[in-house]
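In the block that follows, a single chain appears as structure tokens, in the form predicted alone.
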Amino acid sequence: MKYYDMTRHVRGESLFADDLLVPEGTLFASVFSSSIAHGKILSLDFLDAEKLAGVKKIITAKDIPGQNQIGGIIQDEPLLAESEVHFCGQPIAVVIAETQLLAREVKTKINIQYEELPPVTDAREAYAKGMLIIPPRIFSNGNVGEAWKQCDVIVDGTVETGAQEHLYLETQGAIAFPTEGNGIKIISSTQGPTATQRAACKVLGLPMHQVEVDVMRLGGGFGGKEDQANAWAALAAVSAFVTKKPVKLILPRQEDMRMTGKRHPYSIDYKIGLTKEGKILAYEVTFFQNAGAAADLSTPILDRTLFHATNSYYVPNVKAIGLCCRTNLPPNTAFRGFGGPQAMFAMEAAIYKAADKMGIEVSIIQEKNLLKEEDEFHYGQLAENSKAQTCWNEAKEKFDPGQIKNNIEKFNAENKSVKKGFAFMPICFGISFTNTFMNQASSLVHIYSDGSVGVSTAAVEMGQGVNEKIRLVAAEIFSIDKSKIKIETTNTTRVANTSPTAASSAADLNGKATELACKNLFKRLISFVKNEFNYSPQDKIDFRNENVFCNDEAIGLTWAELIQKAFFKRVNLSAHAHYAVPGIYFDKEKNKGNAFSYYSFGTAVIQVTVDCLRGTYVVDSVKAVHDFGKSFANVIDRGQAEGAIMQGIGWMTMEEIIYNSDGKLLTDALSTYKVPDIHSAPKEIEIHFLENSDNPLGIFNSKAIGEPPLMYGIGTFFALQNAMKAFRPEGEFQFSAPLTPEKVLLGLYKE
């Protein structure tokens, strides 16, 4: 995988926010936060702390020049707590000092007194107390009430899914610089430069043209820097605005883990009805989403959950209810999959329980109900160009699940205390922002007079290779070596009003905008060649390997020479283009419409081995057939799929977030929060690109890859349960993720 960022990462040359050389006199900020989950602030005393040598200022809510509010969708999140705190780690004040160590030390000198109030940390308890951020959301089709009468088998149950820490390598942070005219420039580790710009403008009381946000690259994001980066950028901006000095704010790892939101935990009730042949007729599901103390992105995440309630299956009668519950935890936020994984886990659990009751294999129900071409989702969109059955059939052909089953049955018969299991995991994931207006992007392309090219888009490089894909787009259209193309930092002054790098859409949106800009320049250059050399309008001019051709014959003009000539003839060598995804809309009153540009499909087969004496396990293999469309960056796409699978396995198995009853995070360090390492990785990951797939709506006919493969990790849970069932056939196991070794051990033996 050789490209610009990878080479510099390996050499240690890549620059992140914390690596930026700051000017002399830069100050350092550290955030003083709440030590309790819920309570009233009775007193806050920092006068003595502020007098310490080297301390420049301690900022509280009263020092904010604009609004003390950073809520994006719902205005319910103060930047700094004023009279009340709502979660452990909520920012209350910012210490600004000459050194980072001093700023952190001074926090211990601040005295605060609270009147503690009972915290609510459970979503169901919050619902019972009427603590909803928005009214219930309901997506439905058919008539579930009537459909139950036609069902031969009905099962119901409860599913629990845990939170997940983003654990990006680079923690949250920003550097803010005062600029002339009372403006601010922010170097931020954010996935959403415009969202960060808006938040800073709101708290500073400035118009957007006076606040510039620049992003070099991120050391990982996974959704955790989509809206959650805004607070730290805004705090740095306020600090710089008040002190009139550059201010740097970088969170230490433990503070980052304590103060930031996670993947949403869900508690889910389901009821599913089937015919005796295994055809699903009805599905009713209620999602209790633990949003935390503020809305953040919880409402669109809940919508995504409702969209994906039926995963890769056609169900004629559906009622999906979403409850966005406010609790006294840090505001939970976007995470790879954006609410989709929780929904898919619930559907797979319902199918698993139904199959158990019917005494048939889960795969029989899965295969019988896979989406077909033109099946309609419960929100009114058709499953156009569905590859659900194609991926399933190809997975069966390539991986021979019949042989896998025979091998596992033989192994289990021969081994008493070690058991194997396997599971299928089909997926269907919609590609687009579910808020229609966000499906737009712009690109600014400059061809410099020496023939080199600079491209500015809204895409933020965070290790996923989007910069390389955009370079490949420009290189392909101009037919020049990619070494001549530079992807600029993401900056709100070059490309404004951007959507975040999220929803698996960055390459599609920004790649398409770049394609349009490059084609505009291409047409301009062709017109110039025809005029300059007196070719006729019918002559075919194109570029190949940095040479100009007319009617398939080289004309003796290189790319560099062409650009020089065009420059001297005053041809405009810059182009800006805007791309808006066509054909998508959604009526939020009726909850019907074409919410997605297209869908990604796939099927994985997961095999595991469980040590039933210790409860430990290994993932033997994950083998998947995935619909990449026509991939034009195979190595990048394969890497994204493998990384997503590992993150999904981690969420389903070992990554356990634990808060105590007081709302304090207990798993706030890498010693207590476990993520998959090399020893936890599957012994084998095999990704097959679905053959003969096409996607006119994606860049160069490719399909988005960032999020969909994470859902394959869900199959690990059910493979483990199958292994556990081989050891204890009479056991009834809970659908509670993550399925840690402790849970496995407790489930294997009766109390």
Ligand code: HPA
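Don't overthink the numbering: it's just position in the shown sequence, from 1. Quick caveat: nothing in here was measured; it's all calculated off a predicted structure.
Only in words, not in the display: the form predicted together with hypoxanthine (HPA), which the text now covers.
Heavy atom within 4.5 Å of hypoxanthine (HPA) in the model of the complex: which of N591, T310, T171, T434 fits that? Just give me the one. Of N591, T310, T171, T434, the residue with a heavy atom within 4.5 Å of hypoxanthine (HPA) in the model of the complex is T434.
Heavy atom within 4.5 Å of hypoxanthine (HPA) in the model of the complex: which of G278, G663, P300, P91? Only one listed residue qualifies here, and that residue is P300.
Only one of 388-396, 348-356, 152-160, 502-510 gets a heavy atom within 4.5 Å of hypoxanthine (HPA) in the model of the complex; which is it? Looking at the partner contacts, the answer comes out as 502-510.
Taking heavy atoms only, is K185 within 4.5 angstroms of hypoxanthine (HPA) in the model of the complex? Result no; K185 lies far from hypoxanthine (HPA) in the model of the complex.
Given that the partner is absent here, does I364 sit within 4.5 Å of hypoxanthine (HPA) in the model of the complex, heavy atoms only? No, I364 is distant from the partner.
Though only this chain appears here, would M438 touch hypoxanthine (HPA) in the model of the complex if you measure heavy atom gaps against 4.5 Å? It does: once hypoxanthine (HPA) is placed as it appears in the model of the complex, M438 has a heavy atom within 4.5 Å of it.
Report yes if any heavy atom of F338 sits within 4.5 Å of a heavy atom of hypoxanthine (HPA) in the model of the complex; otherwise report no. Contact with hypoxanthine (HPA), yes.
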